[in-house]
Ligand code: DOR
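Below you'll find only one chain, the form predicted alone, shown as structure tokens.
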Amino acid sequence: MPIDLVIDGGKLVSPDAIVDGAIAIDGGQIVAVGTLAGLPSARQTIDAKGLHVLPGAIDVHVHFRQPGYDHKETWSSGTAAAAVGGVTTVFDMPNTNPPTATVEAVKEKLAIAGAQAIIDFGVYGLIGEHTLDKLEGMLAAGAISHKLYMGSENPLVPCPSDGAILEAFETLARLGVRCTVHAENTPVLQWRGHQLMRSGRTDAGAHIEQHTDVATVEAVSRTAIFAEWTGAKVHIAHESSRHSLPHIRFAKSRGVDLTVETCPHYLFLSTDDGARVGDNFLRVKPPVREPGHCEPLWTALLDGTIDIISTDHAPHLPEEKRRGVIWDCAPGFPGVETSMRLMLNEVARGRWQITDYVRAACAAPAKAFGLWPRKGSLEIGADADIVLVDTQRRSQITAAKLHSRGNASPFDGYETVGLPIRTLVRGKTVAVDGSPVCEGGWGKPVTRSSS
């Protein structure tokens, strides 16, 4: 009996190699890898000649805004953007309204996502002083992991005390679950923010001064110490500062089970880009910093100090990004539709290899969060989450054409080489040539096998 699908003629990319081959898919999974002649017959064949065949990217840091902020994004618009961008699995953050801080909130968000998503997904539960007795229950209800806002000015997701953080790490160590940490020092942010506002500062430079590098360095170090003490597995979100890198390397040398992500806006942008897009437009937390951070972050990504590429996809409407007072300007940018293009462009430029991209965007997040090898690989038995990439295709990022409701991108106008042209989730095509082609509801929640 014929199987569902064969993808033939492409270059199959793993973190270690690029090989010519074909992939057989049946029932949403990869059932064979080899040459076309050695594979079973299929009801459908996709010709991938001239293309690279990648595992779908896994973005462990997105804000799809529902419930509470539907004008910025929905699971429908967010997963459409992700699919077009070659992302096949996302983890959504808990700072919605209401926050994902109870068993009921986890179930509600999973239901919202399940009705709309065209790619697979996980949701984070919140670590807070009033959620410590709910952490295990949220996992049982379907949360993929937990998020700790160690740097927070948002009253919906306040930073817990150190005592509560230590207790949360003890609980998660027992459960074997890696948690994600926004590593900034909240008292420093609050004190400096108050002082700057009281002095009348409203310029973009005040945001940089508030989010001083030492607030990140201290929080990264404290996270590592607490993780080392408790045996917890932790993941540092959106690393932005070169000054944190020696502390990350030191923690890893001590055997702390620590993974780290950075995002394209930290690899490509500095405050100098304010002249192009507007100083206030660049506001994000942690900040896009002064020149001098991008290259050390790239070095850390290449040498493994930084493990993962994510996006911190945080969409806002253009008018929310162009307010004149920095404190009123919404922080963050959309990213799921543009990240792969930006990173593939660096493959074309020779900064790194496409195998490096697969390691950082596919394999490493899957391994860190217990999805490997079911996600993030092209191995037999894996979900057929696959992206066909034209590494020679030239295109321009146009913010107005992005699929996110909040499409205010600092990469508007960027020329790139390399483009995802077809995305499959569990064997079903969900996007082709820049357009989503799947009805909502195909996406399913992911579960850990280990982490």
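Residue positions are given as counts along the sequence shown, with the first one as 1. This one's a predicted model, so the numbers in the text were calculated from it and none came from an experiment.
Beyond what is shown, the protein has a form predicted in complex with the ligand; the following relates to that form.
With the partner removed from view, the residue among 343, 260, 314, 366 that has a non-hydrogen atom within 4.5 Å of the ligand in the predicted bound form turns out to be 314.
When you look in the predicted bound form, the only residue of 285, 233, 289, 374 with a non-hydrogen atom within 4.5 Å of the ligand is 285. Note on the interface: of 119-127, 328-336, 247-255, 358-366, the segment with non-hydrogen atoms within 4.5 angstroms of the ligand in the predicted bound form is 328-336. The closest heavy atom approach of residue 182 to the ligand in the predicted bound form falls within 4.5 Å.
Proximity of residue 95 to the ligand in the predicted bound form: non-hydrogen atoms within 4.5 Å are present. Contacts to the ligand in the predicted bound form (heavy atom within 4.5 Å) from stretch 1-33: none.
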